[in-house]
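Quick setup: one chain, the form predicted on its own, written in structure tokens, and binding and motion questions come after.
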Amino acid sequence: MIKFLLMVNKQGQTRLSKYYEQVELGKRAALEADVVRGCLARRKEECSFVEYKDYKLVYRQYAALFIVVGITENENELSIYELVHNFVEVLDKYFSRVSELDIMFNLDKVHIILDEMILNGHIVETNKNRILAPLLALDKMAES
């Protein structure tokens, strides 16, 4: 099960966070700081899977952004690794070469995309067209 998803830049600033379990706000900041510090400190040659407390972390770097997913022990790391790539492909398809600024200024749309892909910590959709359908319908309604 997916416990959380973080999107951070190289400076360690969180651009997106989504939690699928209850975590107090004070503990979230400490958790994010530890997780980000641990992932940013790793070299490119090292594995993208890290054990951290009760979680396994799966992270992937895209240009200046890191996407970090915290999962339970019994979740498949490779499927989550591919999910992260699929998420970035969907963002690229919608924003036409997504950037950090696209994420910052369209956070609501990024959350809609993420909500279409993951529900209660479980992957529910991976088809790019089905993921983008509700968002494209909203855009179409906004134009009229």
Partner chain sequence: HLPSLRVQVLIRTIRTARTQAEEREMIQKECAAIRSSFREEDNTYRCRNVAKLLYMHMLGYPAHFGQLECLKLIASQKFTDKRIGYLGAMLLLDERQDVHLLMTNCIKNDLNHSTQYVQGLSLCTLGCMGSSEMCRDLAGEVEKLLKTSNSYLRKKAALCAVHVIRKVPELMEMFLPATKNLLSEKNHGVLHTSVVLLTEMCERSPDMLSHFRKLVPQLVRILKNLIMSGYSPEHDVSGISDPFLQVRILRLLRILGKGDDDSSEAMNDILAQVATNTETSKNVGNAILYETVLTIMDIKSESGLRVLAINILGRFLLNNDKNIRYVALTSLLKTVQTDHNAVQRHRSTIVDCLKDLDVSIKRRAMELSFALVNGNNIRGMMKELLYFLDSCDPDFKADCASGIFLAAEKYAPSKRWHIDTVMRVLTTAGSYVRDDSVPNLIQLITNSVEMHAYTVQRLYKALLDDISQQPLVQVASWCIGEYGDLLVSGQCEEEEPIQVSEDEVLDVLEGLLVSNLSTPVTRAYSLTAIMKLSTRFSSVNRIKKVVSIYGSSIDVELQQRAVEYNALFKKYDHMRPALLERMPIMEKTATNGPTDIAQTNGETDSTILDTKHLPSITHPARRCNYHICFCLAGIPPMTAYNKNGLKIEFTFERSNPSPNIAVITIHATNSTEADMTEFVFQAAVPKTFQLQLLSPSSNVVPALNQGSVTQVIRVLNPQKQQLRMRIKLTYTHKGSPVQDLAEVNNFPPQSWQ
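What you are looking at is a predicted structure, and each value in this text was computed from that prediction instead of being measured. Residue numbers count along the first chain shown, from 1.
Another form exists, predicted together with the partner chain; not displayed. Remarks below refer to it.
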property: Selected contact from 53, 37, 93, 28, since only one has a non-hydrogen atom within 4.5 angstroms of the partner chain in the model of the complex; result: 28
property: is_contact(residue 122, the partner chain) in the model of the complex, heavy atom dist at most 4.5 Å; result: yes
property: Heavy atom of residue 112 within 4.5 Å of the partner chain in the model of the complex; result: yes
property: Touches the partner chain in the model of the complex: residue 81 (any heavy atom, 4.5 Å); result: yes
property: 4.5 Å heavy atom contact, residue 43 and the partner chain in the model of the complex; result: yes
property: Contact set, 103 to 135 vs the partner chain in the model of the complex - heavy atom within 4.5 angstroms; result: 104, 105, 106, 107, 108, 111, 112, 115, 116, 119, 120, 122, 123, 124, 125, 126, 127, 130, 133, 134
